[in-house]
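For reference, the chain that follows is the form predicted on its own, supplied as structure tokens.
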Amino acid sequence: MADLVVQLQQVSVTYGKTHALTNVSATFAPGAVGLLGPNGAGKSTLLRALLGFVSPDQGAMSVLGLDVRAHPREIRRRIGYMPETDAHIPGMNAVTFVAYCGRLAGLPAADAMQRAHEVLFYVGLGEARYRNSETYSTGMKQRLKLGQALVHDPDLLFLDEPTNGLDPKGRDEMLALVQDLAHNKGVNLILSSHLLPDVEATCHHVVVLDKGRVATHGPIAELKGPTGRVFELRIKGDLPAFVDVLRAHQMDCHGTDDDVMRVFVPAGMGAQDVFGLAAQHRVQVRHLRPSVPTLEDVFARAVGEP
């Protein structure tokens, strides 16, 4: 437990009558950890609470071994934060802005300016570093936010929806930067996102929030792991009734974007059991084949998506 970068114990946060977080207990291991959940699940609130910007109604939190209530400034000095919303200063060019962020984090002026040039080249803004940020495209602004989060060489990165608003090419480039930071440069980071592929592409661990509560957490490989088998299924017949039959036999079912259903079959059971139930209930199986478990399956099971 000593090497955990973040720990939360029974943390609750309310805004008026809205319960943003409810009895959240979770741990974040070193490396890249995904903070996953639909919009409104409480992800941004959790990050703001860890930064000391939001005071929980109850519970305890520690970041990098420091109590959040007792040491919020020390924690913020050691964290790089890429917020979901833009936080640029109009009229200031990118290198001056990033150097200014470095000064705020405690770097001497010369070191802050040198680091600003380095991180802007790293995130792909080297040629545009003397342009004012308000002239930047959405993708460039996202890179600028990442640059200011990296300028003081933090011990931990909080990345809140880093691919927001990006086109496919920009999204791939941002994820490549996150992968490089986590897996080649050894940076500890928490990637908050509602996009499952982003988390699966960059993280080994995940904490899934739903309606302000922890739905599941752990290593992604284990959460996808050998608790049974996954099949793709298409039938001809009364689909809702057959789903009820499958669920009555402990088989979890979730729809997809097309007419193929994903069926999670418990350990000790297999395709023959699906065929047997179909025959008993006079349902024609049009398509049944094994599939590879994905993070989307983990998420669907955790939050109970139909």
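Start at 1 with the first residue shown and count on from there. The structure presented is a predicted model; accordingly, all values stated were derived computationally and were not measured.
The same protein also exists as the form predicted in complex with a small molecule; that form is not shown, yet it is the one meant from here on.
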Just one of 11, 298, 283, 20 has a heavy atom within 4.5 Å of the small molecule in the predicted bound form. Which one? 20
May I ask you to choose, among 31, 52, 266, 38, the residue with a heavy atom within 4.5 Å of the small molecule in the predicted bound form? 38
Residues 121, 124 and 148 are flagged as a possible site; in the predicted bound form, is every one of them within 4.5 Å of the small molecule by some non-hydrogen atom? no
Tell me, yes or no, whether residue 62 is in contact with the small molecule in the predicted bound form, where a contact means a heavy atom of each within 4.5 Å. no
Would you check, heavy atoms only and a 4.5 Å threshold, whether residue 56 touches the small molecule in the predicted bound form? no
Determine which one of 238-246, 64-72, 41-49, 274-282 lies within 4.5 Å of the small molecule in the predicted bound form, judging by heavy atom distances; exactly one does. 41-49
